[in-house]
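Only one chain is included here, represented as structure tokens and corresponding to the form predicted on its own.
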């Protein structure tokens, strides 16, 4: 099967990329990171959130007669891939999944986050609604986040884990958890694609011993490995968006997590010593990939889902 984007899908991707480049380009990313270095908790840009709502970011899959854009999951994957490219902060997936269910979520007026299976909540203090947790902010504990733009808190109560809800076809949480995993994979794919570009750009322009570092075989192997993982993950994520099969989503998430984390680490190696500095952007992509990788649908849970699917087929 060939997965080719339609003209409408290409236009959607280009439009989202243009919007994010204008509203959250590298300068805004660095400014937000530097500002949050002097604040205990990062602040969510409510103006940007409402602009995303007006652009249809959160209402993308809502029917048109309900005020939405009327598109499908493949288009949502493209949009979240672009968000992953620029490291757009905030509980994007939870708010997107709440559109049409929680008033104001579709338009960006209401910020929605969610508790994961371990009781960890992203952007708890910035959110108006926390799905999966009714205890408010009392009794919560701040968790030190490796990503400066993803504040984390731990709450006392936690919803079911991915492998638990996946084992129960009648669970009301099943769809949301699987979609969270798929859209997280899309964000990871966007991050992986961006670090691939950064690695290639640095390899072409940075010179050592009178030659671009990309002329050295070790660097070429690193860049080639990043690209291969990106394209394999892309095929898996796009396919899972079409089939919406639990096993396909699990496979896509595994591949996308690997592409983002290993890709960012290899990109850092391509950059050499300067890649480890605060001024370089590489560490931001690696840290965001680490944080996303622990969301519901992480490695162990996806492996369990795939193992269960294989056992069913074997029988």
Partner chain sequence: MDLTDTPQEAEFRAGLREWLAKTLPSLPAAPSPDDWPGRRAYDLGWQRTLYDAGYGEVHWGADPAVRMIFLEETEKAGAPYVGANFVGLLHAGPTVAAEGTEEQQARWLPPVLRGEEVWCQGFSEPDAGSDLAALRTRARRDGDEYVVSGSKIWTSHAEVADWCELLVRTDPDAPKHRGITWLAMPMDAPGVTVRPLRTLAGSNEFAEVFLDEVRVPVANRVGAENDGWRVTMVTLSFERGTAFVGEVVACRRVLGELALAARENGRWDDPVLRRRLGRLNAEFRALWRLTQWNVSEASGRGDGVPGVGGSVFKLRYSHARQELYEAAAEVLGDGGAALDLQQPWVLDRLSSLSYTIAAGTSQIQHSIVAERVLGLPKGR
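Residue numbers count along the first chain shown, from 1. Bear in mind that the values here come from a model prediction, so they are computed numbers and not experimental data.
The form predicted together with the partner chain exists for this protein as well; it is not shown, and the discussion that follows is about that form.
To test your reading of this chain, name the stretch in 124-132, 197-205, 106-114, 85-93 whose heavy atoms come within 4.5 Å of the partner chain in the predicted bound form. Residues of 197-205 come within 4.5 Å of the partner.
Answer yes if any heavy atom of residue 48 is within 4.5 Å of a heavy atom of the partner chain in the predicted bound form; otherwise answer no. Taking the distances in the predicted bound form, the answer for residue 48 is no, it never comes within 4.5 Å of the partner chain.
Given that the partner is absent here, does residue 224 sit within 4.5 Å of the partner chain in the predicted bound form, heavy atoms only? Residue 224: yes, in contact with the partner chain in the predicted bound form.
I'd like to know if residue 239 sits close to the partner chain in the predicted bound form, meaning any non-hydrogen atom pair within 4.5 angstroms. Residue 239: contacts the partner chain in the predicted bound form.
Do residue 258 and the partner chain come within 4.5 Å of each other in the predicted bound form, heavy atoms counted? Yes - in the predicted bound form, heavy atoms of residue 258 and the partner chain come within 4.5 Å of each other.
Does every residue of 150, 280 and 284 put a non-hydrogen atom within 4.5 angstroms of the partner chain in the predicted bound form? So, no: the whole triplet misses the partner chain.
Please pick, from 232, 143, 102, 71, the one residue with any non-hydrogen atom lying within 4.5 angstroms of the partner chain in the predicted bound form. Residue within 4.5 Å of the partner: 232.
With the partner chain left out of view, which of 78, 179, 98, 120 would have a heavy atom within 4.5 Å of it in the predicted bound form? That would be 78.
Contacts with the partner chain in the predicted bound form, stretch 6-23 (heavy atom within 4.5 Å): Result: 6, 9.
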